[in-house]
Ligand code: BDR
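Single chain ahead, written as structure tokens, the form predicted on its own.
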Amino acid sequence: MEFQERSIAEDYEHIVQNRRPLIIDCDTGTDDAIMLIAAAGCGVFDIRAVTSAVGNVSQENTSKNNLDIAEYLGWDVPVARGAYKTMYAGKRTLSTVHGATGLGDVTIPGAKRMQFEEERAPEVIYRIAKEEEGNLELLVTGPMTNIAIALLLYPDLKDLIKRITFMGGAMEGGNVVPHAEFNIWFDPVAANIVFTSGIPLLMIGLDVTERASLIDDDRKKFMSFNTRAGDLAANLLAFMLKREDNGLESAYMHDGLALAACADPLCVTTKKAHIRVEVLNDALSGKTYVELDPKDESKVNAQVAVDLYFHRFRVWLHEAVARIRNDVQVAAKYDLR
């Protein structure tokens, strides 16, 4: 597909007047952290909260990472802790590709001004969903535990969420075991609750995210912004590139692409689909089954990304990180340098 190249910044003034309410639920490792930086600067969303899932690293680390990043960027956003364990009874291990804390070898100061919300993630999600009266969207870039718990606690929540965009699953293969992608594999029970909830879904799976890999030129681009946000993104990417050099996972922007697809639909091509997850067969637990363009329209429960426009995504990501220095969502009370 050809598109007329255009800077996202050209639409920025219009976009900021019509921000979409969004909650980000994430298990903050390295690519999640770069996604959060872009979220703070992209300007498309009124980000009502960031909630923390267990997955890449422990809940203690993911929640701390979210709070520390928010304060480090001067991003005045509520941060809430989530569930400490998954809903899946089988054995699961945390990811090892993001380092012990989730931020690789990158260290940032611990938050001193900001504090966690008193409510836990499911309560925050439900309260804000009610406040937004059906307009709230969720971006889920880790296991779906918090969302599933919220749906079980508050049955009317399914009618209050406009859409869930999630990074997870794959049409073919996996990245943690041959048949499954990590986020869905880590808590397939929660994923099944979300997939069958009736909430409109946008799936950004490995089929596209593993084609959204950054290189050293992108690290240099982030550094050229000469901002705290740019430096942080560059340092996180530097760790990911070193990891790749050591034969581990490449610098895939799994979660950044999910955010971009939510903000700018032209970053991906999607098809209608029926998606489900294996929960009963332990040997295939966490496998996502994707039926594209089902003949029975009543089966459709998701849009699934089948292709991406990498150049558009890359430009979008650069601009989102660069914009943090001026974005009105970022509190001026913090020094960004």
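Just so you know, these numbers come straight off a predicted model, no measurement behind them. We number the residues from 1 along the sequence you see.
This next part talks about the form predicted together with ligand BDR, which is not shown.
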item	value
Contact label in the predicted bound form: Phe182 to ligand BDR, heavy atom within 4.5 Å	yes
Partner contact for Asn192 in the predicted bound form: ligand BDR, 4.5 angstroms, heavy atom	no
Non-hydrogen atom contact Thr141 with ligand BDR in the predicted bound form at 4.5 angstroms	yes
Leu206, heavy atom within 4.5 angstroms of ligand BDR in the predicted bound form	yes
Which of 301-309, 26-34, 44-52, 281-289 sits within 4.5 Å of ligand BDR in the predicted bound form, heavy atom basis	26-34
In the predicted bound form, the residue from Thr227, Asn175, Thr101, Ser250 that sits within 4.5 Å of ligand BDR by heavy atoms	Asn175
Proximity to ligand BDR in the predicted bound form, single hit among Ala233, Ile147, Ala261, Met167 (heavy atom within 4.5 Å)	Met167
In the predicted bound form, residues of 236-262 near ligand BDR [heavy atom within 4.5 Å]	His254, Asp255
